[in-house]
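The chain below stands alone and is given in C-alpha cells; this is the form predicted on its own.
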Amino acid sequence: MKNKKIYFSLFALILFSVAVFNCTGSGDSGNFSDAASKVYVAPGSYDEFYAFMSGGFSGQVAVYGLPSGRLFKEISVFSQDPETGYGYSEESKAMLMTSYGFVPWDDAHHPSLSMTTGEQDGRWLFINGNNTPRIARIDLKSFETAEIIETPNSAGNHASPFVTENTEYVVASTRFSIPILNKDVPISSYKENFNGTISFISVDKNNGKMNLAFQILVPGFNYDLARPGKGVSHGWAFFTSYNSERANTMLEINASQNDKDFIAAVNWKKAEEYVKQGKGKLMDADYYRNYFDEEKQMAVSEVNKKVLVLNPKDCPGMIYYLPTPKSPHGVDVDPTGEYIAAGGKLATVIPVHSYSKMIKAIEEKQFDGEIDGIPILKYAAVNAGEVQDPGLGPLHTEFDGEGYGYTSAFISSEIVKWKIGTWEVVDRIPTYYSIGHLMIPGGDTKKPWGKYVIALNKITKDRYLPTGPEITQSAQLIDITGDKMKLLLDFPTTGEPHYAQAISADLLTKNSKKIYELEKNKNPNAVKSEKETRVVRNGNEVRIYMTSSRSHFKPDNIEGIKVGDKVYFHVTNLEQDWDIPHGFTVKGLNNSELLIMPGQTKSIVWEPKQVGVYPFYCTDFCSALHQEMQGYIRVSPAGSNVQISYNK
C-alpha cells in the first residue's frame, strides 16, 4: 500500500509537469539547431561569462564558461587537492587550520562576487564553508584562495556569505542554533539555552582583508539564506529563518507547524552606531583567520580570542522580524532595492515585501508582538503582494533587470517568471529535475545582464549516460531574452552545485594573473637560480632546495638520504612564461604532488621507509622533453655513513 501511494504521488507529479508544459507552450527549445548555435563557442573564441558554481560536498568552487558550459577549473578552497598540492604543501597547510584543528574538507554552498555601488567589480569571490563555519575569499586575478576566516558562535554557516552593495561586509548566519557560549546542556533545553548569531565580516576595500566586526545574538531559529539591501534599502540585510517553533527533533514535522516564519531585517548601519556607542559585549571565542602571503608565498594563521556581540534587547531599532510563509528558504532583493521576495518551501505563494512599507510600519509601530526583544511587524503592513500559482516548493528568486523575477520551484521542477508590481506569472518552464537554486548573471545586482537563467538541478535521471549508483548533477542554460523561456543546454556539474554566480568575462580577463615574478618571490626556501640549489642535512631532517625549468630539475641526482629521514623538497619554478607550470613527485610520496606556477616556490615532505633508489619526475606536461624531466634519490639504511652528495 505504501509503494502504491509513492507511485501515485510520482504519477501525479508527472501529470502536473506535463500539464504545465502543454498549457504554456514553453519548455524545451523546439528548434535544437537554433539552441546549438546559441551555445556554440567556436574554436579560439571565448565565452561571454565566467560562472562560479559551488562544489557542495566537494568543498571547492568550479569555474565554467557560459554559454558553452565548458569546465575551466576547480578552485581549491576548503578541501585538500592532490592535483595542485593545496592543503598538502607546506606553504598551504595553514589555510585549512581551524579552532577544531586541521580540517581538510567542507561543504561549500553560496559563492558571492564582490560589488561596488551594487555592481560586480571582478575583484573577489566569497564562499561559505557550511560544516566547519568558515568564509573564504578567492582572488579573481589568480583564481586562488587568498583568505579563510572562521565564524565562531555558529553551526551550519548556511546564510552566508552574501555581499553588501560596496562589499563593506559579507554577512553570515547560523543554520543550527546552539548554546552561546557553547556548553554542556541537555538538548531538551533547546528553547531555554539555544541561540543563533548573525555575523558581519568587514572587508578592507583595498586588499580584501576580512575581519569579524560584530555578531548579533538572535533567537534559536534556523537561519537559511540572506541578501543585503541595495539602492533604497542599502544599509539593511535580510535573512530567512524557519523553525520559529524552536523544535529540536523531527523538524520535518515539528518545525512546520506555524503558518508563518520570519525574515530578519537587520539595520547594519544602526548596528555600527551601537558598536561605536559601546553597546557590544566582548565574548570569548577561538577562531582562525588564515591568509596567503603572496610575497612569501606562504599561508599564515592568526588566532583570535574575542568577538564583539550585540544583543537586540540592548539595541532597539537594529533588527525586526517580517512574518513570511512558510519555512522560507531564499530571500532576494530586486535591482531597485524596494522589493524583498521570499521563497517559502511549503508556501502556496511567493510573498514579496516592500522596503518602503517596512520603514513606514516601523515608524508607525505596526507591531504584532516581539521575540527576545525583536519586534514582529504586521504581515499586511509590510507585504507588497503575493505571486499566485508559483509552482510547488518555491525556493529562490533572481531578477533580469527588465522588471521580472524568476523563481525556482523544487517539487514541481520548474522555473516560474513573474512580473514585479502586478505579481502575475507570465511564463514557466520545466527543469530536469528537482531544481534548487537558480542564477541569472548579475541577478543579485543593480544591473543584471539578464540574458540567461541557469537552473541548478539535484537529479539528472535519464539526462546523461549512467555512471553507476551516483549520477551527476547538472545545470541547464535557459534563454530569457524573449517572451518565452527556451532551454538551450544541459551540462553536468562537479560536486553538488547549490548556488552559482556569473560575471562578464571582460571584467576578469583584463586583470588575469599570468606569472609570479621571480624577483618578488620572498619565500624563505626559494632559490632564484640553479647556482643556489643545495641539499642540507640537520640531524635526520634533510632540505633539498631545487629548481625546475624546461626540461630538468636541479639537482637531479641526490645521495646520502637515509631511512627515517624527514626530507623536505623546496621546489622553485624558474619559468617566467605564462602557462608553464611544473609538477613534482617522488616514488612513495604519500600525500600529493606539487603543481608549481611560474615564479612560485612550493614544498612537500617525504619520509622514505625503505632502502633503494627512488625516481622523481615532473607530473605536468611542460615541453617536448617532458619525459626527460626526472631524477633519482638514493636511500641508504639508517645509520649508514653515506654522505650527502648531489650534482651541482
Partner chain sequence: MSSRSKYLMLAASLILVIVFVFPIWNIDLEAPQYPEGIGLRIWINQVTGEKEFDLRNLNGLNHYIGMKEIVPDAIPELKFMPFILAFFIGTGIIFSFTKNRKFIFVWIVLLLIVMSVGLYDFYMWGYNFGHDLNPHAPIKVPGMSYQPPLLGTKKLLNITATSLPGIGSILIFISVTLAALSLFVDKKKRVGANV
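Just so it is clear, the model here is predicted, and its values are computed rather than measured. Residue numbers count along the first chain shown, from 1.
One more form of this protein should be noted, the form predicted in complex with its partner chain, which is absent from this view; the next part is about it.
- Within this chain, L625 lines the site of its partner chain in the predicted complex, having a heavy atom no more than 4.5 Å away.
- In the predicted complex, at least one heavy atom of W578 sits within 4.5 Å of a heavy atom of its partner chain.
- Although the partner is absent from this view, R550 contacts its partner chain in the predicted complex, with a non-hydrogen atom inside 4.5 angstroms.
- Its partner chain is not drawn, but in the predicted complex it has no heavy atom within 4.5 Å of V300.
- This chain appears without its partner; in the predicted complex, the one residue of D184, E517, E363, D204 with a heavy atom within 4.5 Å of its partner chain is E517.
- With the partner omitted here, the residue from L487, L574, I374, A213 that has a non-hydrogen atom within 4.5 angstroms of its partner chain in the predicted complex is L574.
- Only one of 472 to 480, 550 to 558, 396 to 404, 502 to 510 places residue heavy atoms within 4.5 angstroms of its partner chain in the predicted complex, namely 550 to 558.
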